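The form predicted on its own is given below as one chain in structure tokens.
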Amino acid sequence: MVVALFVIPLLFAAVAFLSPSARLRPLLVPIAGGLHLALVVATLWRGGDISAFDGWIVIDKLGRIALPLISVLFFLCSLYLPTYLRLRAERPHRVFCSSLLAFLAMMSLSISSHQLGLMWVAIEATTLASVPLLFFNENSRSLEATWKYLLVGGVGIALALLGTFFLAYAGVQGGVKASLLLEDLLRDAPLLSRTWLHTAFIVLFVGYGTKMGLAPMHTWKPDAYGEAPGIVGALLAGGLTTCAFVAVLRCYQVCAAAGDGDFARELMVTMGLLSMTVAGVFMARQRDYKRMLAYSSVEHMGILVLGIGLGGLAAYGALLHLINNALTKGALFIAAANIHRAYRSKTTDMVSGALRRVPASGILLLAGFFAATGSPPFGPFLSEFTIARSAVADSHFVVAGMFLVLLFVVFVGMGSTVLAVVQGTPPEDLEDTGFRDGLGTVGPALALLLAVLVLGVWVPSGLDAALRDAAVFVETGR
């Protein structure tokens, strides 16, 4: 059943590519997404760690958080796809649909891989699968964004491969059998060469941090998110970043098991605050609302690694924030895509009065802004408050103060752009594109935002227990 989680999406990808029916093809994606979600639920229902291929594939306590997250996100976003492709009838979508399904398969494989070499291959495969998705519009801007995504991401993934070799060599230098199985690395961690382990973690953190979009390795994000279709932006911001974050956590686990957790945590806290600072600076006076969402993603990636770096309760908050961020970004990118379709522009020079022209999408964008900036009663408020409370409780007063100040800066910067989009009146000379809000374009974003709202007022006991188990697992390997 574990293997089916990535084999079935690949089979559907092949069917979508070979299907001659342009009407059937978009429907295959939500069907496959729904089947994948059902398989995830059935697999996790069994309880405990689930493994295959001699421990190369394992759904562990961290996977029990990340795997259902990407499955839920993909399924809800896929419900948006048939309506979106009807609106883009001029664009062929054979490769687009099959690439989406291959992307789901590789995300599932990367999260469930306990062999770090296989995990690297899966994450690289997500890059290759997402390239046709970024180039869907086939114009000069999307071409530039795709090349930047490939080049910067290629450097990052190459560094991650180098770091993987260094990690294996740390075992050789420590006098143990070289292995990239996570269980072997955790068992032998105290014997690994400290010099090579530190080097490996730095290089791996930079490499997979590039895929996350941590500053200063974030330079691909504004162009990629700005030019990608809304559904693709949602899956990159909530799905690909989740896979890269899980990869970072796998590497952190080895450092923690070796007794060098403090070394890794200091680096994470520094990079987390740097990412939040860069995001706050570039959000100020940002006129392109899709690029604004890219910088919001840079901020939230910083929050994730900051929470892990602080440790303890903050690690729990970071994993909860992983869920909140993915769902919030899904809603925001879909709402932004609807507004883009209504105005055929992404800048506040041409976009205003969205609450009048597309009221449902305008409300969703505004509500998503409050959610993304950690306003109550939405889920990100609870996870960010948990991280801040942990920082204060552990006497990290400077870090807590910087964290709160940067959250305020981001709130102001993001708010100025969102309010310019939703308030006022639409330009008088604006062409009527014929786009109107409908169930197919608004429903998926509404479902995602409602989930974020629920998580802000109530974390189900099962999810709470899973998050606590995952936080302990990340810090101790058990």
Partner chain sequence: MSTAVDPVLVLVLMLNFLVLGTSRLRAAINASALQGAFLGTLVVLVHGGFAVRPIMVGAAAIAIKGIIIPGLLHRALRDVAIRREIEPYVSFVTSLLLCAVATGAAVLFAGHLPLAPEHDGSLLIPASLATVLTGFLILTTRRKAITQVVGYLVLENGIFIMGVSLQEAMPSLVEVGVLLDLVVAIFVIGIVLNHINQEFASQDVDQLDKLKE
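Here the structure is a predicted model, which means the values were calculated and not measured. Positions refer to the first chain, counted from 1.
The discussion below concerns the form predicted in complex with the partner chain, not included here.
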property: Listed residue that, although the partner chain is not shown, lies within 4.5 Å of it in the model of the complex (heavy atoms), from Thr386, Gln286, Thr373, Ser352; result: Gln286
property: Candidate from Phe403, Tyr84, Trp196, Phe136 lying within 4.5 Å of the partner chain in the model of the complex - any heavy atom; result: Trp196
property: Option from 263-271, 299-307, 326-334, 153-161 whose residues, in the model of the complex, bring a heavy atom within 4.5 Å of the partner chain; result: 153-161
property: Close approach of Trp56 to the partner chain in the model of the complex, 4.5 Å, heavy atom; result: yes
property: is_contact(Thr146, the partner chain) in the model of the complex, heavy atom dist at most 4.5 Å; result: yes
property: Contact label in the model of the complex: Arg141 to the partner chain, heavy atom within 4.5 Å; result: yes
property: Residue contact check: Leu180 to the partner chain in the model of the complex, 4.5 Å heavy atom; result: yes
property: The partner chain in the model of the complex: contacted by all of Phe201, Phe378 and Phe381, heavy atom 4.5 Å; result: no
property: In the model of the complex, residues of 157-177 near the partner chain [heavy atom within 4.5 Å]; result: Ile157, Ala158, Leu159, Leu161, Leu162, Phe165, Phe166, Ala168, Tyr169, Val172, Gln173
